[in-house]
Every structure is written in structure tokens, then in C-alpha cells.
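Shown next as C-alpha cells: one chain only, the form predicted on its own.
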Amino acid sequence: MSDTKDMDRQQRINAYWNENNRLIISLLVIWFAVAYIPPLFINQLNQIRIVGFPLGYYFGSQFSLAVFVVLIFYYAYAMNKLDSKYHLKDK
């Protein structure tokens, strides 16, 4: 009986880590896209000006940082849901 309980727990933990790894990979892809794709188009972005500053400046200084902060909060939110889903949340 203990073996089946341990096996169920191990299956839950494996499923938990599979979902966690998928979440981490997807968030890293978003991070990579936000950090490394806009600089490829910096010359085109700098043709557009907002309040006297080039759009490339806004992408680099504010947009990317805002996305990174949102990713952090989303990861915390998603992990709380994942912990609850697999009954791994602290009581």
C-alpha cells in the first residue's frame, strides 16, 4: 500500500516539474524576444519619436523592464496555482 502511495506522489511530482519546466521555458522565450529582438530593429524604431525620444529608447529603457516585472509576477502567480493543483502548497 505504501508503494502505491509513494508512486502516486512521485507521479504528481514528475507532472509538477514537467509543467514547471514548460512554464519556465515559455517565460524565457518571452524574455529573450523582448530583450534581443527589438535591438535588431533599432534603426527603424528610432525613426519614430515619442515626446522627443526615439521609440528604441522606450523599448530598451521602459518597455522591456515592464515586461520583465510582469513576467516575475506572472511566474509567482502561476507557481501558486501549480502548487495548489498538485497539492504541494504549504499549509
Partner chain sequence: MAANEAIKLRNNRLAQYYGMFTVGLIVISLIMGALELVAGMPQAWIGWTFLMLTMGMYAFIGIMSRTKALDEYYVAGRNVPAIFNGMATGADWMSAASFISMAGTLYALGYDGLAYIMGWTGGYVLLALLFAPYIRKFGQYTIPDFVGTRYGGRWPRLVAAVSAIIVSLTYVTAQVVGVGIIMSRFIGVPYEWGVVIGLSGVLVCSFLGGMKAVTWTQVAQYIILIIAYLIPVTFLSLKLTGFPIPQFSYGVALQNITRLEGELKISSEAPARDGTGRVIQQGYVPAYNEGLSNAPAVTAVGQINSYFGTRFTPPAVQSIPNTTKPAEEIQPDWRGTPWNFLALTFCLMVGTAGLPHILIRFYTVPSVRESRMSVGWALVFIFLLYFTAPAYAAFARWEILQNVVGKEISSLPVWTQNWSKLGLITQRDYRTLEGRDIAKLPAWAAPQVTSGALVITDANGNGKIDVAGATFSESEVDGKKIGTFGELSGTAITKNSTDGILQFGELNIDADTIVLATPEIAGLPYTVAALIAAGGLAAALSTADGLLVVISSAIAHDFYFRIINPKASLNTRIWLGKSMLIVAAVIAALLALPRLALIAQMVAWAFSMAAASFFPVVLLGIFWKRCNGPGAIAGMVGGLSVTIFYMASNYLNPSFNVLGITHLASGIFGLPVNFLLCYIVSKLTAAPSQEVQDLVDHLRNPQLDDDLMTELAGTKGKVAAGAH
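Residue numbers count along the first chain shown, from 1. All values derive from a computational prediction rather than experimental measurement.
What comes next is about the form predicted in complex with its partner chain, which does not appear here.
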Exercise. Quick one: does D83 come within 4.5 Å of its partner chain in the predicted complex, counting heavy atoms only?
Worked result: yes
For this session: Please run the contact check for Q11 against its partner chain in the predicted complex: heavy atoms, 4.5 angstroms, yes or no?
Result: no
Exercise. Going by heavy atoms, what in 41 to 79 lies within 4.5 angstroms of its partner chain in the predicted complex?
Worked result: I42, N46, Q47, R49, V51, G52, F53, P54, G56, Y57, G60, S61, Q62, S64, L65, A66, F68, V69, L71, I72, F73, Y75, A76, M79
